[in-house]
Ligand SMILES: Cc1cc2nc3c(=O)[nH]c(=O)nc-3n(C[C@H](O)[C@H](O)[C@H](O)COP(=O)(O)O)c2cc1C
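Just one chain is shown here, as structure tokens, and it is the form predicted alone.
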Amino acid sequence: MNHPALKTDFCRLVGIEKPIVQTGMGWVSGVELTAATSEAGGLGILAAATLSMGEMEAAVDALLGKTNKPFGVNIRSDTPDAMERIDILIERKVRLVSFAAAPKEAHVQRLKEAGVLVMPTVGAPRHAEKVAAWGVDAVIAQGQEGGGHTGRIPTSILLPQVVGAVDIPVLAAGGFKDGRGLVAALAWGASGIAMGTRFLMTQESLASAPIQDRYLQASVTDTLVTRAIDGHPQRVLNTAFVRGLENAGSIRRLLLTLRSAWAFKKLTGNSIWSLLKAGISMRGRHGLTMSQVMMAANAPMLTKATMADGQTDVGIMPTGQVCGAIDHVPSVAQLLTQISQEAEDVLNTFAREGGPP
């Protein structure tokens, strides 16, 4: 990437070549995807929230064996073992830790003291101001178009507001897939783009071919935002299962949550007590009722059913609206080359012609 506009503050901060971040998606962002992104010049982020402590350690060690480029690890801040995980990542000298929701101030301070970069995702300017005051190094501003947990403000409105509210690099997320989107984000003041769905649709993604085919079939109107999964707004593909979950009675939903909570406990190695403590924390921090806390136990296993087990009829498929504009599954290297070249072409056209046509 030769155009100076593409050598952003975020690139210099992290030590990467391209202002492109692959987000930490549970059951999708494994070692291969993370390493391929970093090797291609972007920032790969390992999804560790759905891994046990031992699995996270093994995955980070595997990454260190596959790339000497910077990479990040995504963890949850509301789990009882969050600080233990942070200490492991510090010991492994991971370049950056990201949080899908706001970290605790103590988490930020521990990471900062150790020289590890911190980058949470925010959905409102006030959230960005709060974590910036704690000393985070960058934020991802995810607009309403984004997949998974998302806010109510469209990217085109949210991004300039967040950029104006803080003095740290801001990454744009929600609706990005190509070089034109990257240039648009830079014009709004971003220091790069963060993408989930576009990376889900790559050859190194953990998502299987049948799952990717289901995403390829979707249009930009084939998603919905629902609270039926875990009590928080979440954008997913509009499937018969999700519609049924929204219409399910309280008894059926209770049985489903209990079953999924037990499965998640066995998968991650967390004890029932640790799950309960996490639920109490969520209730206090986010104002959830206990029934919503129980619903939240569903989310990891419902996502696993599709993304890891390939059962599209019994799980959820988090996605951004941009899925309807994606029509091929390249390698990560091909994707980053395409985005970079298109961004350079657009910027060079502006320079020759004095602005957009």
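All residue numbers are counted from 1 along the displayed sequence. Note that the structure is a prediction, hence the values are computed from the model and not measured.
Keep in mind that the form predicted together with the named molecule is not shown, yet the notes after this line are about it.
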*asked:* How about P19 - does it come within 4.5 Å of the named molecule in the predicted complex, if we only consider non-hydrogen atoms?
replied: no
*Consider F99 of the chain shown here, and say whether it contacts the named molecule in the predicted complex, taking contact as heavy atoms within 4.5 Å.*
yes
*Can G146 be called a contact residue for the named molecule in the predicted complex at 4.5 Å between heavy atoms?*
yes
*Taking 4.5 angstroms as the cut-off for heavy atoms, does L302 touch the named molecule in the predicted complex?*
no
_Interface stretch in the predicted complex with the named molecule - options 123-131, 108-116, 167-175, 87-95, non-hydrogen atom within 4.5 Å_ = 167-175
_A185, A194, V73, V136 - the one with a heavy atom within 4.5 Å of the named molecule in the predicted complex_ = A194
*Non-hydrogen atoms within 4.5 angstroms of the named molecule in the predicted complex: do L237, A308 and G315 all have one?*
no
*Which residues in 20-45 have a heavy atom within 4.5 Å of the named molecule in the predicted complex?*
T23, G24, M25, G26, V28
